[in-house]
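Only one chain is given next, in structure tokens, and it is the form predicted alone.
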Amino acid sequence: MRTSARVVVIGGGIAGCSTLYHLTQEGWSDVMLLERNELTSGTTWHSAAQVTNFGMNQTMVGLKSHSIRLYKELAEDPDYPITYHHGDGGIRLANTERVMEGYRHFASMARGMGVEFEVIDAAECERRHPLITQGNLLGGLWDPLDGDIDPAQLCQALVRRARKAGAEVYRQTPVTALRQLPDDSWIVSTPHCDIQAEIVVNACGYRVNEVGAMMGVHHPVASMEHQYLLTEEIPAIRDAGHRMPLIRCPIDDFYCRQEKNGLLVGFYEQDCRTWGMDGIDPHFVNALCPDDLDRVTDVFEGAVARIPALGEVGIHTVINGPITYTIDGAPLVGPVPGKRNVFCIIGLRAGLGEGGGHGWLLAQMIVHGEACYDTWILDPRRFTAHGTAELTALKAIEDYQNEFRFHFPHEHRPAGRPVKTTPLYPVLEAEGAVFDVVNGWERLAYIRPDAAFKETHDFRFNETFDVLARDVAAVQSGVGLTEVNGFNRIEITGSGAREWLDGLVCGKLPRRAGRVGLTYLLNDKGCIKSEATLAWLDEDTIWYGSAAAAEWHDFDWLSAHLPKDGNVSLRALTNEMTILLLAGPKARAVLGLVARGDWSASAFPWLSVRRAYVGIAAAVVMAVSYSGEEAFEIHVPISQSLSVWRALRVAGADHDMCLFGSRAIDSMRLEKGYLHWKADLITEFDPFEAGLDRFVDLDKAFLGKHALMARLGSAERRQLVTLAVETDVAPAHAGASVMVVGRVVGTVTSGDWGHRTGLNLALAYVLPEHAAVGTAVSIDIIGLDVPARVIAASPYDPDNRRLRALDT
């Protein structure tokens, strides 16, 4: 064996084989794969191996489309053809109009990625799959490229090509230890020899945490037992003259596809079971769990009702094997949090169908630093310290039980909640709060108008419309109070802090202590990496604030770029502090009642920061706003948040202070053209495309500047625009296609109703020739061709007069 490699990939299933192959495609040949047993001997060998284009967002659609193209190319290789049933077609069934509207949204979203789905009625479903019945069926989503593939042949084909490009593969070579050297390279120990690797990739399937433990890491991945069966021959299939489409059924929690002249039928039963929580037998290789068909009886009965032929045919084989899940069901593909030169490609519950695309994106990240798509949906850092094995197991069960049921907008499922709270959680509960979840934190979304109020989650405007209109009006005319917990906060100290930050951000820093500024960090490609609010507290202390979801992402990025001389230090404050937010024209008056000092507009203007005591608690107060109204963020220790909250409630009583939440803020920020990280601000676009020209200073040096300059002449550019959408039926959800004369010219990133402007608003990246104010377009919203027009980026108070309030 060789004793060194640029990259060592650990694991010989679809994840590892795809990564190895794609690394060679990106030009790296000094790469090695280690497999503890034989290739595909974990989960891959018993996979149902369905290959669909369907995804919940454009990144997932894009990587699945790559898988399909790659698999088709491999199948057609005359020197090493593999079995791939490409283009059998597949139907996702539905029995409610809410689900059908969801399918119409996903069809609109996929169109922007060059993928054409079709929403069909029940009769057409039966015509395309003559074995199903129409009972309790409204229609479905048709994927014309759906199919299935031979798992072992696929992995062997990928490995064959990787070897031809210079990669090496070692079977029967378990990794026994991992040790990181001072230069951040790794020693990978095996029974045969030690290997020095610049980069390590964990692609270990259900053994992911055995390898994770070797480097002091726990990954939020859990395994579930999953059963499917193979039937005897079905005459109607044998005599059909064509292959049957695949079926995925959220009504009865099963899927099926043709296998020879019978069916493969898989189940997602409610009485499901985790696997391997207390360790995995080292000899569990090419192995299965004991059959337990009693557990799936209810689901099987539903499948028979939908496909009566199943009740007339024998069972040939039963398969029960482990498959991996994460907390939200999406894989973990990217850098391992808190580590250098180590990546993972794990939690691939639909590994065969998606694995080609996951390996493709990971190889790009390893070689180039970023992938062609924004990969936050896959990023391992999207879960932080709350991602324990226990929580992962609860969420895996919940996700398994809802396998084919997509999340509706603002739907946060209950398993494991609450995970992270502040002392205000029970107080807000008593007030009638509804909470959304952000990085595990329970964050106030809105206050119910009465105890009987219940929200219907769908793609249309729902019962919360009037509730949010009430909250926005109260903030606009008076004062509102809310908690914004979980907001990422990093304290940066040291004599070199300001100079160091100046080289990281693409714009100007706050001019002096006591001031706050919005800044952007770019990656090596000149595109948007992070958005941060920098508050210069005193000579050597700056607070870095960013989205709650960015907690580990931003800390990793800053840590990786720290100066070597040690004169800058980082300290995470996210889990020590919370924010109480006062907003509205009366906010300054309320603040003055609870904090000593001069809080007049002349003494504490917009974009100021000050240390103070609010009530009895030491706090940091910032005059910043995400709503477009005059607002003050009061940063206090979580342990003292209840004390400050009570003081503010008492002070606000004479000003008719209301409670409001994040949903109202999201509506108001669209009216101001304020952007949301990982919705409107993603790594696929640079700050000029995002309309952030005023935050870029080309007269100074900063990370990503040369790449940014090189992008300016690209023909593939887009422009972020604000759209007024001419419907009061539904908002334009992220991913919806912007159209001109039947052609996709852009994609919506976020949308909502603007209650102060009376406009249905959306943000979208469009081709530059369609970006001028006044341009007419349309948006495919849940299947409706809705007219829209480009308007100015800040339709509410564009001159910021309300933010620059004068003393009265």
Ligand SMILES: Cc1cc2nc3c(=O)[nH]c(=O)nc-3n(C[C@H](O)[C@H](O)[C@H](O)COP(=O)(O)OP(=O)(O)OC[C@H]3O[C@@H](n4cnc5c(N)ncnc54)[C@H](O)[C@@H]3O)c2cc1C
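What you see is a predicted model, and the numbers here were worked out from it, not measured in a lab. Residue positions are given as counts along the sequence shown, with the first one as 1.
Missing here is the form predicted in complex with the ligand; even so, the following discussion is about that form.
**Q** Answer yes or no: in the predicted bound form, does the ligand come within 4.5 Å of a heavy atom in every one of Ala48, Tyr206 and Gly353?
**A** Contact check passed for all of Ala48, Tyr206 and Gly353.
**Q** Counting only non-hydrogen atoms, which stretch in 365 to 373, 332 to 340, 136 to 144, 319 to 327 is within 4.5 Å of the ligand in the predicted bound form?
**A** It is 319 to 327 that comes within 4.5 Å of the partner.
**Q** Just to confirm, with a 4.5 Å cut-off on non-hydrogen atoms, which of Ala532, Cys249, Leu424, Val211 contacts the ligand in the predicted bound form?
**A** None of the other options qualify; the answer is Val211.
**Q** Taking the ligand in the predicted bound form as the reference, which of Val99, Cys125, Leu522, Val175 has a non-hydrogen atom within 4.5 Å?
**A** That would be Val175.
**Q** Taking the ligand as it sits in the predicted bound form, is Thr43 in contact with it (heavy atom to heavy atom, 4.5 Å or less)?
**A** Contact with the ligand, yes.
**Q** I'd like to know whether Leu34 contacts the ligand in the predicted bound form, with contact meaning heavy atoms within 4.5 angstroms.
**A** Leu34 belongs to the contact set for the ligand.
**Q** Is Leu348 a contact residue for the ligand in the predicted bound form, using a 4.5 Å heavy atom cut-off?
**A** Flag for Leu348 set to yes.
**Q** Quick one: is Ile14 in contact with the ligand in the predicted bound form, heavy atoms, 4.5 Å cut-off?
**A** Contact check for Ile14: yes, within 4.5 Å of the ligand in the predicted bound form.
**Q** Note that the ligand is not shown here; using its position in the predicted bound form, name the residues of 254 to 283 with a heavy atom within 4.5 Å of it, in sequence order.
**A** Residue within 4.5 Å: Tyr255, and no other.
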